[in-house]
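Okay, here we've got a single chain as C-alpha cells, the form predicted on its own, with questions on binding and movement later.
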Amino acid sequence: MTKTVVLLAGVILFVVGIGASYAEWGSGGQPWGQLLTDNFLFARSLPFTIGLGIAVGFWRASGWRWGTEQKGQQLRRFAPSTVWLHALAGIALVALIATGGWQYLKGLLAADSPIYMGTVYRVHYLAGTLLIFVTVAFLTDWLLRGERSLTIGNGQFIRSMRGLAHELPKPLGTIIGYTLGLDLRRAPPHTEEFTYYERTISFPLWELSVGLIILTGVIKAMRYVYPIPGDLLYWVSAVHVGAGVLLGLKLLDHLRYVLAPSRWPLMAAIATGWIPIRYVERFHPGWYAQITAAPTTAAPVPTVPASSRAATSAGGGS
C-alpha cells in the first residue's frame, strides 16, 4: 500500500507541476518565443521529473522479488519494469544524440537547417526530461536495494581485472595483465550475471557519459533561471559537447557488443526479460552456479534464491 501511495503521489505532483507550467505558458503572460519558453519549461519541470523518478524507484525497490524466477527452460534476467525503463532510456539517448548532433553541426557549418530548429530543441528537451526520469528511477532503486551486480565489488578488483584480461582480445588482455602483474596462465574466473567487460568498462562509461550529459545539460538550461557566469557557461557547454560525443561512441560500442551473434539471446532478454538456462550455463557459469546452489521451490513458477539479483541494468542489456 505504501509504495502505491508514493507512486500515485509522484504521478499527481508531476502532472500538477507540468500542468501549472503549461497553463502559465498558454496564458500569454510571458512574451517569449518557442525556444526560450521550452527551455524555461524544461528547467521548471526538473523538480517534478526528479520526484517522479524517485517515486518509481521506490516503487520498484519496495516490490522487488529477491530471487531468480524460472519458467520451463527460461530464467528471468530482467524485471518487466527494467525492460520498459531500458526501452525509454534507449529512445531518449537516440533522440538526444540526433538532436544534439544536429544543433552542433548546424552551428559548426553555419548552414541553414531544413528542419525548424525550434522543433529540434523541443525534442531535445523532451528527451532530456525522459533520460533524467529513467536515470533517477534506476539510481533510487539501486540505492535502496544496495544493488551491486554491475559493479566490481569490494575486494574484487584483481579478480575482475583478470577476468577482463581474458575477455578482451589477446593483445589488449596481455597489456592489462603485464601492467597489473596478473598471472594470465591461471584459468579465468567464471562469468557471473554480467561479464567483466560490462562491470569494469561498459557500465562505468555509461555512468560517466550519462552523468556528464545530464549535469551539464541542467546547468545550461538553468542559465535563463539563475545567472551563470559566461566563462563557466562556456566550459560547461564544451563539456556537454564532449559528453555527447562520448555518449555516441558508447552507444556504438554497446551495439557492437550486444549485436554479436553469440549474444543474441541477451538482446532478446532485454525485450522479453527471459533468457535460456542453457545459455546461462554455457556463457555465465558463475551465475548458473549461484542459481543452482539452492534447491528449486515447488511453486508453478519457482523462485530460486540467488546471491545475484537479475534485472538491474538500464544500459547493461548485454
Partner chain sequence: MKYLWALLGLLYAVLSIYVGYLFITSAVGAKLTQKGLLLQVPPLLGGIALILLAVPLLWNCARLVTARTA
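Every value quoted in this text rests on a predicted model; they were computed, and no experiment measured them. Residue numbers count along the first chain shown, from 1.
Although not depicted, the form predicted together with its partner chain is the subject of the following passage.
Partner contacts here mean any heavy atom within 4.5 Å of its partner chain in the predicted complex, and among 261 to 269, 35 to 43, 285 to 293, 54 to 62 they occur only in 261 to 269. The listed set Ala165, Val136, Ile97, Leu130 contains one residue whose heavy atoms approach its partner chain in the predicted complex to within 4.5 Å, identified as Ile97. None of the heavy atoms of Tyr224 is located within 4.5 Å of its partner chain in the predicted complex. A residue is said to contact a partner when one of its heavy atoms sits within 4.5 Å of a partner heavy atom; Ile175 fails this definition for its partner chain in the predicted complex, lying far away.
Its partner chain in the predicted complex comes within 4.5 Å of no heavy atom belonging to Tyr116.
Using a 4.5 angstroms threshold between heavy atoms, Ala87 stays clear of its partner chain in the predicted complex. Scanning 139 to 156 for heavy atoms within 4.5 Å of its partner chain in the predicted complex gives no residues at all.
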